[in-house]
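The chain that follows stands alone, in the form predicted on its own, written as structure tokens.
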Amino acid sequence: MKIEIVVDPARPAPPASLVSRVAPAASAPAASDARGASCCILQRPEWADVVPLEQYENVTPLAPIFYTDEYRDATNYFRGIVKSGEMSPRVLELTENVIRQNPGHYSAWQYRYKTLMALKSPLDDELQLMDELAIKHLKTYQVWHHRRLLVQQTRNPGPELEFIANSLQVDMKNYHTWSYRQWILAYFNDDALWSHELDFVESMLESDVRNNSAWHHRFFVAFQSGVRNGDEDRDAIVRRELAFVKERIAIAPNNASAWNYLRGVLDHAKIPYSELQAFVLPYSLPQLPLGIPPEVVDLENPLPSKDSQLPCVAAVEFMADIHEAAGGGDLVKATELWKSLANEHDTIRKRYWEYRIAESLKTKSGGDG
């Protein structure tokens, strides 16, 4: 299965397939209506029985927060209904009002969820509202946590993967969106959910090979989510992932995310870095070694793509780590590589490389002693 992910660097509006899902429920006031209703709660007769509670009762704070009149009015009534313990349709209206003005108001989210459960409200309608709010407030943790609670109740995770894929078109690296996707997969742990996940993450990396969030997700799928049917041969999985990441490094050698992934696979499989020396060495040199015809393709150790900027800092560091692990006379080689990073190739981290050199000298002198 091939999943097409279209990315516009200008950060487009949500795609049409997503917009069709995010229309607010009929009973929910629009944002402008919500603001107007908030300002007029005090004058609305249906709220006359509620005693609003000021945030600062009998207190004169040194540095009060200056809220808008609309927000102060809504939260005063919210505190009033929390005190009385009321759970009713108008509480859903009020909490939505508060949330639209402040999507990070976790108390409003919590009380809204309790009210939904008490009223046995249709949760599909609530998810439709969440579609809208998640796109507007992608970086607000409370939106995603509320969505988790709802899906735990509906037990219908299938549509969530499509929603998440569309949400990632708006912000391809958003931590909350990726975390929610991992939670959906791990919590329900259904083979149907997992079946196309590698295809999905590969499509994301084809769109942006430097997407560190997508690389992290691939590691989660391959190594941190259990063993599913067809993945029992773990050595084969390691070989597959090493081949995959090598190909991506060849395309974009100065991609820190791919090099971190390579190290992660090796560490997970307990493979010494030295076993990849033949692959890494050409990337650590200022130019490709002489005598290698450009048309020669080594599938096991693909060479840097044409016009790659060499040497690659991550490859130089990798080679230094190989020599450091070997110890003995190889420490001199590691030191020379660290010096090249400090003085030429990665001067922004000069102090770090000097620290590595100093620590290596301590190790060497201790061994000599």
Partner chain sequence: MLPASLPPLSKGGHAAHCKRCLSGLPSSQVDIDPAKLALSFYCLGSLDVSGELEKKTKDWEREQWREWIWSQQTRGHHGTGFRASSYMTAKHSTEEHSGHDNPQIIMTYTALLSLSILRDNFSRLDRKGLLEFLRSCQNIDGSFSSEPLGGDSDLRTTFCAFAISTMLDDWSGMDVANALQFIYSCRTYEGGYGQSPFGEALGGTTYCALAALRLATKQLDPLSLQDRQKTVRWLVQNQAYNGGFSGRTNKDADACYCFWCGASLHVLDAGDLVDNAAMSSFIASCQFKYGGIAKIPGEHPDPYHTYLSLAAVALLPPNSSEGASWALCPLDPLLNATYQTSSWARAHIPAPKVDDDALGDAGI
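From a predicted model like this one, the values you see are computed outputs, not experimental measurements. Residue numbers count along the first chain shown, from 1. We call the rigid core whatever largest set of C-alpha positions still superposes within 1.5 Å between the two forms.
This protein has a second form, the form predicted together with its partner chain, left out of what is shown; the following refers to that one.
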Although its partner chain is absent from this view, report whether G327 comes within 4.5 Å of it in the model of the complex, heavy atoms only.
no
At the 4.5 Å heavy atom threshold, is A48 in contact with its partner chain in the model of the complex?
no
Are any of the heavy atoms in D298 no more than 4.5 Å from a heavy atom of its partner chain in the model of the complex?
no
Its partner chain contact in the model of the complex: G264, any heavy atom under 4.5 Å:
yes
Using a 4.5 Å heavy atom cut-off, which stretch among 154 to 162, 231 to 239, 167 to 175, 126 to 134 contacts its partner chain in the model of the complex?
167 to 175
Can you pick out, from S88, Q224, S195, S274, the residue that has a heavy atom within 4.5 Å of its partner chain in the model of the complex?
Q224
Quick one: name the residues from 43 to 60 with any non-hydrogen atom within 4.5 angstroms of its partner chain in the model of the complex.
L53, E54, Q55, Y56, E57, N58, V59, T60
Following rigid core alignment, is the displacement of the H345 C-alpha between the shown form and the other one equal to or greater than 2 angstroms?
no
